[in-house]
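Next up: just one chain, as structure tokens, the form predicted alone.
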Amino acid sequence: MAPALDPMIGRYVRLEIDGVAHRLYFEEAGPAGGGAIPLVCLHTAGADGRQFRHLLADPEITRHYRVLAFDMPWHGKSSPPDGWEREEYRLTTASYTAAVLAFCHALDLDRPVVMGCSIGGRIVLNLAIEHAREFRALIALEAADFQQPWYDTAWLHRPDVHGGEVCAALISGLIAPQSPSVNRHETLWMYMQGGPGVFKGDLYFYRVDGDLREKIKAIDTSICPLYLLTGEYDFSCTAEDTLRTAAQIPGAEVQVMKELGHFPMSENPAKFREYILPVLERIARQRT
């Protein structure tokens, strides 16, 4: 096999989130200037930006988009803030929203498109509620205003249980049976590498603090287009959850993705491409 370089470039950005200094790792691909549309990708709970590596390496996408995928604080190559050992990590709606906005502002992104999956999809809905005018379009993958918890988070941070393996075991059933084995196990590997208690802390947002059921009707898609796409095999955020949410948002575009589960961009990137390319092409045509 001949050596080959992937097109994405990894960097760190130093910024403040709610007055606290952070050093966030991100990867990007595509033109940084020349009118390219910024596309910011938000990973799932307990994982990192590697989930979007196939989008970053897709020349048909990076022809029009500057794709950026950052690791949330505490995730991947983004370290926790100084003094992290004295606190319990808990992601909230406010802290998550602040992190996304801080990244976009630090990179001076002009009305980016934001695409998030799972918890990333949920926070995309909150961006549509509170900050719609700052974005060109919003794409929520595997997202709904709320889902009933189906898991016991106590297992996710115990001294007598291997944290990485139990995290991967929890999400393994959310991957569609049609997903290629190599992509399935790459998705699981990311979960096996998460920091202690990080997946549990993310799920605090997902199951407690991020309940948007009373706010979702405030979304105005005439200000910012909203696309919701959910895999048919996702039993965490079911197709019914997403359809129920979309029904409350006039003008929202919704699609159930066949043969996909909760991690479409990493579990079966070729199949996901069939669904996301038309959305991105539509956004690019309607740019203003």
Partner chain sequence: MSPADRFSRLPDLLAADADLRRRGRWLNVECRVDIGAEPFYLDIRDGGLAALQRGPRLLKSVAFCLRGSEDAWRRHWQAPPAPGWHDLFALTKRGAASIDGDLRPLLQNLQYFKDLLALPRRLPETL
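Values in this document were obtained by computation on a predicted structure and should not be read as measured data. Numbering follows the first chain given and starts at 1.
Form predicted in complex with its partner chain: not shown, discussed below.
Visitor: Taking the partner as it appears in the model of the complex, which of 91-99, 153-161, 131-139, 104-112 has residues with heavy atoms within 4.5 Å of its partner chain?
Guide: Heavy-atom contact with the partner occurs in 153-161.
Visitor: Can you check whether Gly173 is within 4.5 Å of its partner chain in the model of the complex, heavy atom basis?
Guide: Contact with its partner chain, yes.
Visitor: So, Thr221 and its partner chain: in the model of the complex, are they within 4.5 Å at any heavy atom pair?
Guide: Taking the distances in the model of the complex, the answer for Thr221 is no, it never comes within 4.5 Å of its partner chain.
Visitor: Is Thr238 close enough to its partner chain in the model of the complex to count, meaning some heavy atom within 4.5 Å?
Guide: Close contact exists here: in the model of the complex, Thr238 approaches its partner chain to within 4.5 Å, heavy atoms only.
Visitor: Verify the contact flag for Glu232: yes if a non-hydrogen atom of it lies within 4.5 Å of a non-hydrogen atom of its partner chain in the model of the complex, no if not.
Guide: Output for Glu232 is yes: heavy atoms within 4.5 Å of its partner chain.
Visitor: Among the candidate residues Leu125, Val198, Ile119, Ala168, which is the single one with a non-hydrogen atom no more than 4.5 Å from its partner chain in the model of the complex?
Guide: The residue from Leu125, Val198, Ile119, Ala168 that makes the contact is Ala168.
Visitor: Does anything in 1-35 come within 4.5 Å of its partner chain in the model of the complex by heavy atoms, and if so which residues, in order?
Guide: The stretch 1-35, when checked against its partner chain in the model of the complex, contributes no residue at the 4.5 Å heavy-atom cut-off.
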